[in-house]
Structure formats: structure tokens, C-alpha cells
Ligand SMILES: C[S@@+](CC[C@H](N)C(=O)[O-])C[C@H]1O[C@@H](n2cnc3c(N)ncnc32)[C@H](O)[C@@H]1O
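So this first bit is one chain, no partners, the form predicted on its own, shown in C-alpha cells.
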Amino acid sequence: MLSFFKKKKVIVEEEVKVVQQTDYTNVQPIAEYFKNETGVTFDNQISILTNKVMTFCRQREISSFVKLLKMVDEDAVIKQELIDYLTTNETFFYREFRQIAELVELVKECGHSVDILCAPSATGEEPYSIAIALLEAGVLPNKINIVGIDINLEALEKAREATYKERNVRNLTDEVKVKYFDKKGDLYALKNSVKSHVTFRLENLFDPSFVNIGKFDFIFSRNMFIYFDAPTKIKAKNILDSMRKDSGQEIFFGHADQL
């Protein structure tokens, strides 16, 4: 009888060992899946991707990259969590302001209400920067309509909340901070007078339904193309080109996008 329990104990221990085995050796299928879904490539950052996805798996007790791939293919929640985890970026207000100033002048020349697309919008600093700059230039509030899109749900939730740290508003003058933000301890909460001009949407540029969001007078797509390879950049640019109301109006790209 004692021998039976010993054998059973050995079998149980072996089963536990099997359950605890992990396999984080080949992240390439994850990289390919992520690129196909989002356009974002990690071709030159495979070691970084491996470490990040490994951490993601361990936090959720997912034992292998193979299991993770199966899960993201079947579970929309896990898929979105992975997208959020791998596309988290920090930005700040009035980044590369020269382009925003150029946009302001173009809007003032229009004489009519404008629709502006900001893709990606990250945590909101860019579309809100555009709104603030337009308001500061005397553009009437009822002429400003900005749509910010991103594939990162967590970033969009922060954008809608619109509460920022000092480093995020470091390029703004004290006058602008007082005018458009409420200070709450060490944080800056954006006022509704700015937030009301921006609508945020969870959108994937490469999803066939993306074109249904409409067409725009001006398009900002800064620092998104840096994550794409050459063929994906061409595909993304063609999609954005098709979203313009005026085919002669150039899209605002970031200096690092290298089209």
C-alpha cells in the first residue's frame, strides 16, 4: 500500500513538472502575427521583443510562446492586452511644434470648420496640442473637430482621462498651462474646453473597416511609420492618402518616419 502511494506521488510530481515546463525560445511567430495584425515590425529588435513577450507571458502564467499565439488568436481580450503592452509610447505636448504651427496657418486660411485626423494619437498629447494651438490662434471652437485613433486601448483610456505629469507639459508656457489645465497636486488635468474638440477611437489602420471613419481636411501621422518596414509604409501611406478630402493636401509625417 505504501509503495502505491509513493508511485502515485512520483506520478503527480512528474505531472507538475510537465505543467511547469516553459518554452520561450522562438518569438518569431509572435512577431509575424503582430506585424500582420498591426503593421508593426520588430525585425531589428527581436531580442527586445523576446524579453518583453516573455515578461508578458510570465505575468499571466502562460507557459510558452506557442500557447500565447493560440490564445491571442482566440481571445480578443488577451490580444488587446498584448497590443497595449507592445505599443506603449510616451510623448508630450507641442512636440515638433513647427508642423503644428504650419497646420494652424492652413486652418486659418480655410475659413470653414475642419476635420483633422491624428494617427496615432497615443495618450492624447498630439491631438490635444493641435486643439490648444488652434484655440490659441483664435480659431473658433465650433470649427475644430479632431479624431485621434490608436490600436492601444490603454493609451486611449489615458487620452480620454487627459491627466498628465509635469514632463508631458514641459513645452507649454505657464500661461497656456493655467488657461487649459487644472492643477491637481503634481498632475495637470486638461479642461473640457479642449477635450470636447477631440474624439478618440480604437482603430487599426490596416483593418478594412478603417476607411469608414470618413475623410479629413488634414492628417497628422507622426512617428508611426518608424515601426513599419518599407512595404508596410507604402501600404499605410496609400490608405492615409485615400482619407484626404483634398488630394493636393500633404499629410504631416514625423521627421523620423523616413518614407
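Just so it is clear, the model here is predicted, and its values are computed rather than measured. Quick note: we count residues from 1 along the sequence shown, nothing fancier.
The same protein has a further form, the form predicted in complex with the named molecule, not shown here; the description that follows concerns it.
Q: Does E161 make contact with the named molecule in the model of the complex, using a 4.5 Å heavy atom cut-off?
A: Judged by the heavy-atom cut-off of 4.5 Å, E161 is well away from the named molecule in the model of the complex.
Q: Going by a heavy atom distance of 4.5 Å, is Y33 a contact of the named molecule in the model of the complex?
A: Because no heavy atom of Y33 falls inside 4.5 Å of the named molecule in the model of the complex, the answer is no.
Q: Should F206 be counted as a contact of the named molecule in the model of the complex, where contact means heavy atoms within 4.5 Å?
A: Result yes; F206 sits at the interface with the named molecule in the model of the complex.
Q: Any of the heavy atoms of T87 lying within 4.5 Å of the named molecule in the model of the complex?
A: Yes, contact at 4.5 Å.
Q: Looking at heavy atoms inside 4.5 Å, which stretch does the named molecule contact in the model of the complex, given the options 187 to 195, 42 to 50, 222 to 230, 57 to 65?
A: Heavy-atom contact with the partner occurs in 222 to 230.
Q: So which of I146, L134, V72, I149 gets a non-hydrogen atom within 4.5 Å of the named molecule in the model of the complex?
A: Exactly one residue meets the criterion: I149.
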